[in-house]
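In C-alpha coordinates, the next block holds one chain alone, the form predicted alone.
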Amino acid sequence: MPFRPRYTGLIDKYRDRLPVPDDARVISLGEGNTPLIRLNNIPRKIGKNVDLYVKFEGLNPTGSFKDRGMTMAVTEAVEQGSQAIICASTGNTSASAAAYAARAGIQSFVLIPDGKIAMGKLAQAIMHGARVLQIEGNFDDGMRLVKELAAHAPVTIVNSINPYRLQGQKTAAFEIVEELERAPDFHCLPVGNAGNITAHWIGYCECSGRGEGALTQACSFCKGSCRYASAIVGDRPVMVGYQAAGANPFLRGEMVDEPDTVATAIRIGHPQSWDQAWAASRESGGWFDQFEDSEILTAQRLLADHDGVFCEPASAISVAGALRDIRSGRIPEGSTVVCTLTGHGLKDPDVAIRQAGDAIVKVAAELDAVKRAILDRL
(Lines give C-alpha, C1' and ligand atoms only; values in the text may rest on other atoms or scores of the structure.)
Protein backbone atom coordinates (compact mmCIF):
# COMPACT_ATOMS: atom_id res chain seq x y z
CA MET A 1 0.00 0.00 0.00
CA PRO A 2 1.27 3.52 -0.77
CA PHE A 3 2.36 5.52 2.26
CA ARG A 4 -0.07 8.20 3.36
CA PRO A 5 1.08 10.59 6.07
CA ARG A 6 -1.19 10.82 9.09
CA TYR A 7 -3.44 13.87 9.04
CA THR A 8 -2.48 16.08 12.00
CA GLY A 9 -4.62 19.17 11.57
CA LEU A 10 -5.08 22.16 9.33
CA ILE A 11 -2.03 24.12 10.50
CA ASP A 12 0.33 21.34 9.46
CA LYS A 13 -1.49 20.90 6.16
CA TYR A 14 -1.62 24.59 5.23
CA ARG A 15 1.37 25.96 7.13
CA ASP A 16 2.71 27.74 4.02
CA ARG A 17 -0.56 29.68 3.78
CA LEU A 18 -0.93 30.52 7.46
CA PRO A 19 0.90 33.05 9.66
CA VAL A 20 2.51 30.45 11.96
CA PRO A 21 6.24 30.51 12.83
CA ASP A 22 8.10 27.37 11.82
CA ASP A 23 9.08 26.64 15.42
CA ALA A 24 5.65 27.36 16.96
CA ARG A 25 4.08 24.82 19.28
CA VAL A 26 0.94 23.91 17.35
CA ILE A 27 -2.19 23.38 19.44
CA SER A 28 -4.33 20.99 17.43
CA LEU A 29 -7.04 18.37 17.87
CA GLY A 30 -6.95 17.22 14.25
CA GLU A 31 -9.46 19.82 13.08
CA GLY A 32 -10.37 20.40 9.43
CA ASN A 33 -10.56 17.82 6.65
CA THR A 34 -14.35 17.71 7.09
CA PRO A 35 -16.53 15.97 4.48
CA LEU A 36 -18.08 17.73 1.51
CA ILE A 37 -21.28 15.73 1.08
CA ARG A 38 -23.25 15.81 -2.17
CA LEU A 39 -26.97 15.83 -1.44
CA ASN A 40 -28.84 13.33 -3.59
CA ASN A 41 -32.42 13.18 -2.38
CA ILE A 42 -33.26 16.81 -1.63
CA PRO A 43 -32.46 18.15 -5.13
CA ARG A 44 -34.64 15.39 -6.59
CA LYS A 45 -37.40 16.30 -4.16
CA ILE A 46 -37.51 19.91 -5.38
CA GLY A 47 -37.13 18.87 -9.01
CA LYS A 48 -34.17 21.11 -9.79
CA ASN A 49 -30.94 20.27 -11.60
CA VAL A 50 -28.24 21.55 -9.27
CA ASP A 51 -25.11 20.08 -7.72
CA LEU A 52 -25.85 20.76 -4.06
CA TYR A 53 -23.21 20.02 -1.43
CA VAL A 54 -22.96 20.52 2.31
CA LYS A 55 -19.62 21.14 4.02
CA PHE A 56 -20.29 19.39 7.32
CA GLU A 57 -18.25 21.34 9.86
CA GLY A 58 -20.11 19.53 12.63
CA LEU A 59 -17.51 16.77 12.27
CA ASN A 60 -14.71 18.92 13.65
CA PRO A 61 -13.35 17.76 17.05
CA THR A 62 -15.75 19.79 19.20
CA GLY A 63 -18.58 19.59 16.68
CA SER A 64 -18.39 22.99 14.98
CA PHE A 65 -16.43 25.13 12.53
CA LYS A 66 -15.03 27.14 15.45
CA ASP A 67 -12.21 24.61 15.79
CA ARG A 68 -10.66 25.83 12.53
CA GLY A 69 -10.10 29.27 13.97
CA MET A 70 -9.41 28.14 17.50
CA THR A 71 -6.37 26.06 16.59
CA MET A 72 -4.83 29.23 15.13
CA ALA A 73 -5.93 31.58 17.91
CA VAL A 74 -4.73 29.34 20.73
CA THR A 75 -1.49 28.46 18.94
CA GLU A 76 -0.74 32.18 18.64
CA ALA A 77 -1.81 32.83 22.25
CA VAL A 78 0.63 30.18 23.49
CA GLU A 79 3.34 31.55 21.18
CA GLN A 80 2.86 34.96 22.82
CA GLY A 81 3.07 33.46 26.31
CA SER A 82 -0.60 33.80 27.30
CA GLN A 83 -1.73 31.80 30.31
CA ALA A 84 -5.45 32.27 29.73
CA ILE A 85 -7.95 32.90 26.94
CA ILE A 86 -11.43 34.43 27.08
CA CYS A 87 -14.46 34.62 24.81
CA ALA A 88 -18.10 35.58 24.69
CA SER A 89 -20.19 32.84 23.18
CA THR A 90 -23.61 31.58 22.21
CA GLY A 91 -22.15 28.11 22.76
CA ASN A 92 -19.89 26.77 20.02
CA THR A 93 -17.03 29.20 20.63
CA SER A 94 -17.05 28.40 24.35
CA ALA A 95 -16.86 24.67 23.68
CA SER A 96 -14.02 25.08 21.21
CA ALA A 97 -12.06 27.58 23.30
CA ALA A 98 -12.31 25.36 26.37
CA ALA A 99 -11.13 22.28 24.49
CA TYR A 100 -8.13 23.97 22.87
CA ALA A 101 -7.18 25.66 26.13
CA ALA A 102 -7.23 22.27 27.82
CA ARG A 103 -5.05 20.89 25.04
CA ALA A 104 -2.60 23.78 25.51
CA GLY A 105 -2.59 23.52 29.29
CA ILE A 106 -3.91 27.02 29.88
CA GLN A 107 -7.09 28.38 31.47
CA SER A 108 -10.22 29.40 29.56
CA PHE A 109 -12.92 31.83 30.63
CA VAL A 110 -16.22 32.01 28.77
CA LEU A 111 -19.11 34.46 29.07
CA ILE A 112 -22.45 33.04 27.97
CA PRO A 113 -26.01 34.43 27.99
CA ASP A 114 -27.91 33.18 31.03
CA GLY A 115 -30.50 30.59 29.98
CA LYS A 116 -29.87 31.03 26.25
CA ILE A 117 -27.29 28.41 25.41
CA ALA A 118 -27.85 24.89 24.13
CA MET A 119 -27.14 22.30 26.79
CA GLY A 120 -24.81 20.26 24.59
CA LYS A 121 -22.51 23.24 24.18
CA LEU A 122 -22.59 24.21 27.85
CA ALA A 123 -21.74 20.63 28.83
CA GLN A 124 -18.69 20.71 26.57
CA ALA A 125 -17.33 23.94 28.04
CA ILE A 126 -17.78 22.64 31.58
CA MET A 127 -16.16 19.27 30.88
CA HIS A 128 -13.16 20.90 29.21
CA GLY A 129 -12.50 22.90 32.37
CA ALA A 130 -13.68 26.36 31.39
CA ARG A 131 -14.64 28.90 34.03
CA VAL A 132 -18.15 29.70 32.85
CA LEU A 133 -19.73 33.06 33.66
CA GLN A 134 -23.44 33.28 32.83
CA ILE A 135 -24.22 36.96 32.37
CA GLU A 136 -27.63 38.56 32.70
CA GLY A 137 -27.62 39.70 29.09
CA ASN A 138 -27.13 38.47 25.54
CA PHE A 139 -24.10 37.63 23.42
CA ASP A 140 -23.57 41.25 22.44
CA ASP A 141 -23.38 42.25 26.11
CA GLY A 142 -20.84 39.47 26.62
CA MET A 143 -18.75 40.64 23.69
CA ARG A 144 -18.68 44.18 25.06
CA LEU A 145 -17.56 42.94 28.47
CA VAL A 146 -14.86 40.68 27.03
CA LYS A 147 -13.33 43.56 25.09
CA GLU A 148 -13.43 45.80 28.15
CA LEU A 149 -11.97 43.08 30.38
CA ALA A 150 -9.08 42.30 28.02
CA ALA A 151 -7.82 45.85 28.53
CA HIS A 152 -7.49 45.19 32.28
CA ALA A 153 -6.54 41.50 32.61
CA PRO A 154 -3.79 39.27 31.14
CA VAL A 155 -6.09 37.24 28.89
CA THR A 156 -6.22 36.74 25.12
CA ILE A 157 -9.55 37.20 23.34
CA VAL A 158 -10.32 34.30 21.01
CA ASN A 159 -13.54 35.58 19.47
CA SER A 160 -13.47 36.28 15.74
CA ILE A 161 -12.17 39.82 16.35
CA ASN A 162 -8.90 37.92 16.80
CA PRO A 163 -7.51 37.89 13.22
CA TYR A 164 -5.95 34.47 13.69
CA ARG A 165 -9.45 33.01 14.00
CA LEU A 166 -10.34 34.08 10.47
CA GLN A 167 -7.03 32.76 9.17
CA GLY A 168 -7.90 29.30 10.43
CA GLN A 169 -11.48 29.44 9.21
CA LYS A 170 -10.44 30.39 5.67
CA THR A 171 -9.05 26.85 5.22
CA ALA A 172 -12.58 25.52 4.69
CA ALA A 173 -12.54 27.31 1.33
CA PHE A 174 -9.20 25.67 0.50
CA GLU A 175 -10.66 22.22 1.16
CA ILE A 176 -13.75 22.90 -0.96
CA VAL A 177 -11.66 24.09 -3.91
CA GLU A 178 -9.34 21.08 -3.61
CA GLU A 179 -12.23 18.62 -3.63
CA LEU A 180 -14.28 20.24 -6.39
CA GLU A 181 -11.14 21.23 -8.31
CA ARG A 182 -12.75 24.65 -8.68
CA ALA A 183 -14.68 27.14 -6.60
CA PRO A 184 -18.44 26.58 -6.37
CA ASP A 185 -20.75 28.98 -8.18
CA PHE A 186 -22.57 29.87 -4.95
CA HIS A 187 -21.58 29.45 -1.31
CA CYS A 188 -24.41 29.71 1.24
CA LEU A 189 -23.73 30.29 4.94
CA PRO A 190 -25.52 31.05 8.20
CA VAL A 191 -24.63 34.54 9.42
CA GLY A 192 -24.42 35.48 13.09
CA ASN A 193 -21.22 37.24 14.07
CA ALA A 194 -20.28 37.22 10.35
CA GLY A 195 -16.72 36.00 10.83
CA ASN A 196 -17.31 32.82 8.82
CA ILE A 197 -18.59 34.44 5.63
CA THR A 198 -15.64 36.84 5.90
CA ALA A 199 -13.14 34.01 6.40
CA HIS A 200 -14.48 31.99 3.48
CA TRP A 201 -14.16 35.02 1.23
CA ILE A 202 -10.55 35.45 2.35
CA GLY A 203 -9.92 31.82 1.45
CA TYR A 204 -11.54 32.03 -1.96
CA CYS A 205 -9.69 35.25 -2.73
CA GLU A 206 -6.41 33.56 -1.91
CA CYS A 207 -7.27 30.52 -4.01
CA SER A 208 -8.00 32.77 -6.98
CA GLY A 209 -4.75 34.68 -6.55
CA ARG A 210 -6.58 37.91 -5.76
CA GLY A 211 -5.79 39.91 -2.67
CA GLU A 212 -7.89 43.02 -2.92
CA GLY A 213 -11.13 44.26 -1.41
CA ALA A 214 -12.59 42.35 1.49
CA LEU A 215 -9.44 40.28 1.77
CA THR A 216 -7.36 43.42 2.28
CA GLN A 217 -9.81 44.79 4.84
CA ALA A 218 -10.28 41.56 6.75
CA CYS A 219 -6.83 40.00 6.63
CA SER A 220 -4.10 41.87 8.46
CA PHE A 221 -1.56 39.39 7.08
CA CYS A 222 -2.29 40.07 3.41
CA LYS A 223 -2.63 43.84 2.84
CA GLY A 224 -3.40 43.21 -0.81
CA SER A 225 -0.23 41.30 -1.67
CA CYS A 226 -1.83 37.87 -1.18
CA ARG A 227 1.39 36.59 0.32
CA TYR A 228 -0.20 33.28 1.26
CA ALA A 229 -2.09 32.85 -2.01
CA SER A 230 -1.81 29.82 -4.23
CA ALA A 231 -3.41 30.45 -7.61
CA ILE A 232 -5.45 27.26 -7.83
CA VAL A 233 -8.55 28.59 -9.57
CA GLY A 234 -9.51 31.71 -11.43
CA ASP A 235 -13.02 32.28 -10.11
CA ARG A 236 -14.76 32.95 -6.83
CA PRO A 237 -18.28 32.07 -5.70
CA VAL A 238 -21.21 34.33 -5.02
CA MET A 239 -21.40 34.56 -1.23
CA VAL A 240 -24.92 34.33 0.20
CA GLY A 241 -25.67 34.82 3.89
CA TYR A 242 -28.83 33.89 5.75
CA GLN A 243 -30.07 35.17 9.10
CA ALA A 244 -32.92 34.38 11.45
CA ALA A 245 -35.81 36.85 11.20
CA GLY A 246 -35.41 37.66 14.89
CA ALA A 247 -31.66 38.31 14.60
CA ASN A 248 -31.29 40.00 11.23
CA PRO A 249 -29.06 43.10 11.32
CA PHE A 250 -27.87 42.60 7.73
CA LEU A 251 -31.46 42.60 6.50
CA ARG A 252 -32.33 45.69 8.51
CA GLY A 253 -29.10 47.45 7.66
CA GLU A 254 -28.57 48.22 11.33
CA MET A 255 -27.74 46.48 14.58
CA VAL A 256 -30.42 44.60 16.55
CA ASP A 257 -30.39 45.16 20.31
CA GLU A 258 -32.58 42.24 21.38
CA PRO A 259 -32.02 39.35 18.94
CA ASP A 260 -34.15 36.25 19.40
CA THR A 261 -34.26 32.94 17.53
CA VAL A 262 -34.34 29.20 18.23
CA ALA A 263 -31.07 29.05 16.24
CA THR A 264 -28.93 30.02 19.23
CA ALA A 265 -25.65 29.96 17.31
CA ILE A 266 -26.77 32.97 15.23
CA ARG A 267 -28.67 34.81 17.97
CA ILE A 268 -26.43 37.86 17.52
CA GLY A 269 -27.55 41.40 16.87
CA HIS A 270 -24.22 43.24 16.72
CA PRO A 271 -21.94 41.26 14.36
CA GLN A 272 -18.24 41.87 14.97
CA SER A 273 -17.35 41.36 11.29
CA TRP A 274 -20.00 43.79 10.04
CA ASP A 275 -17.92 45.75 7.53
CA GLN A 276 -16.01 42.74 6.21
CA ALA A 277 -19.18 40.72 5.63
CA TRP A 278 -20.79 43.57 3.69
CA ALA A 279 -17.62 43.82 1.60
CA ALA A 280 -17.61 40.09 0.86
CA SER A 281 -21.26 40.23 -0.18
CA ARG A 282 -20.77 43.25 -2.45
CA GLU A 283 -17.57 42.03 -4.08
CA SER A 284 -18.96 38.57 -4.80
CA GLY A 285 -22.31 39.83 -6.08
CA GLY A 286 -24.07 38.13 -3.19
CA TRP A 287 -26.98 38.95 -0.92
CA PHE A 288 -28.49 38.38 2.52
CA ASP A 289 -31.88 36.90 3.35
CA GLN A 290 -33.82 35.83 6.45
CA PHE A 291 -35.98 32.97 7.71
CA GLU A 292 -38.52 32.42 10.45
CA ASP A 293 -37.68 29.85 13.12
CA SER A 294 -40.28 27.43 11.77
CA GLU A 295 -38.59 27.48 8.34
CA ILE A 296 -35.18 26.87 9.92
CA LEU A 297 -36.44 23.83 11.84
CA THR A 298 -38.19 22.46 8.75
CA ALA A 299 -34.89 22.58 6.86
CA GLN A 300 -33.07 20.89 9.75
CA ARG A 301 -35.56 18.04 9.71
CA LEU A 302 -35.54 17.82 5.90
CA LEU A 303 -31.77 17.48 5.78
CA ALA A 304 -31.68 14.79 8.47
CA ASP A 305 -34.72 12.90 7.19
CA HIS A 306 -33.88 12.92 3.47
CA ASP A 307 -30.08 12.94 3.24
CA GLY A 308 -28.95 11.66 6.64
CA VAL A 309 -27.11 14.76 7.82
CA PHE A 310 -27.98 16.00 11.33
CA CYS A 311 -26.92 19.59 11.91
CA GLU A 312 -27.83 22.15 14.53
CA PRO A 313 -30.66 24.61 13.71
CA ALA A 314 -28.40 27.55 12.79
CA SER A 315 -26.60 25.37 10.24
CA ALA A 316 -29.84 24.40 8.51
CA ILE A 317 -30.58 27.99 7.54
CA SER A 318 -27.93 27.72 4.81
CA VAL A 319 -29.84 24.84 3.23
CA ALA A 320 -33.20 26.60 3.70
CA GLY A 321 -31.78 29.61 1.90
CA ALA A 322 -30.18 27.66 -0.91
CA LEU A 323 -33.41 25.76 -1.57
CA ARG A 324 -35.51 28.93 -1.63
CA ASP A 325 -33.12 30.62 -4.03
CA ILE A 326 -32.87 27.54 -6.26
CA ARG A 327 -36.66 27.28 -6.45
CA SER A 328 -37.01 30.98 -7.31
CA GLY A 329 -34.26 30.84 -9.94
CA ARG A 330 -32.05 33.32 -8.16
CA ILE A 331 -29.58 30.45 -8.04
CA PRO A 332 -29.95 29.08 -11.59
CA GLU A 333 -30.21 25.42 -12.52
CA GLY A 334 -26.90 23.84 -13.44
CA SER A 335 -25.12 25.66 -10.60
CA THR A 336 -22.71 24.10 -8.15
CA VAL A 337 -23.77 25.17 -4.66
CA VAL A 338 -22.04 24.58 -1.32
CA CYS A 339 -23.83 25.12 1.99
CA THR A 340 -21.82 25.39 5.18
CA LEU A 341 -23.25 23.38 8.07
CA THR A 342 -21.58 25.06 11.00
CA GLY A 343 -22.36 22.63 13.82
CA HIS A 344 -23.57 19.12 14.66
CA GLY A 345 -27.17 18.46 15.61
CA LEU A 346 -26.12 16.87 18.90
CA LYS A 347 -25.11 20.35 20.04
CA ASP A 348 -28.79 21.10 20.69
CA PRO A 349 -30.67 17.83 21.30
CA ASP A 350 -33.55 19.49 23.13
CA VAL A 351 -34.68 21.35 19.99
CA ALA A 352 -34.45 18.16 17.95
CA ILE A 353 -36.48 16.12 20.41
CA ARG A 354 -39.18 18.78 20.55
CA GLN A 355 -39.70 18.16 16.83
CA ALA A 356 -40.13 14.41 17.29
CA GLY A 357 -43.91 14.43 16.86
CA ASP A 358 -45.09 10.84 16.38
CA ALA A 359 -41.56 9.50 15.83
CA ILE A 360 -41.62 7.96 19.32
CA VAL A 361 -44.37 5.40 19.87
CA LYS A 362 -44.86 3.55 23.15
CA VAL A 363 -45.85 -0.11 22.70
CA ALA A 364 -46.12 -3.20 24.85
CA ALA A 365 -43.06 -5.45 25.04
CA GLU A 366 -44.81 -8.09 22.95
CA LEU A 367 -44.12 -9.34 19.43
CA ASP A 368 -47.59 -8.60 18.09
CA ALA A 369 -47.56 -5.04 19.41
CA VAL A 370 -44.13 -4.32 17.92
CA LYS A 371 -45.11 -5.96 14.61
CA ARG A 372 -48.29 -3.87 14.36
CA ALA A 373 -46.37 -0.67 15.07
CA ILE A 374 -43.87 -1.49 12.31
CA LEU A 375 -46.46 -2.53 9.75
CA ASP A 376 -48.45 0.63 10.40
CA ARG A 377 -45.46 2.67 9.23
CA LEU A 378 -44.66 0.65 6.10
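Everything numeric in this text was worked out from a predicted model, so none of it was measured. Quick note: we count residues from 1 along the sequence shown, nothing fancier.
Not on display, but discussed next: the form predicted in complex with a small molecule.
- Scanning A280, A73, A194, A98 against the small molecule in the predicted bound form with a 4.5 Å heavy atom cut-off leaves one residue, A194.
- The shortest heavy atom separation between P190 and the small molecule in the predicted bound form is within 4.5 Å.
- Not displayed here, the small molecule is kept clear of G321 by more than 4.5 Å at the level of heavy atoms in the predicted bound form.
- By the criterion of a heavy atom within 4.5 Å, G69 is excluded from the residues contacting the small molecule in the predicted bound form.
- The closest non-hydrogen atom of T171 lies beyond 4.5 Å of the small molecule in the predicted bound form.
- With the partner left out here, the small molecule still marks one of 194-202, 176-184, 129-137, 254-262 in the predicted bound form; by a 4.5 Å heavy atom cut-off that stretch is 194-202.
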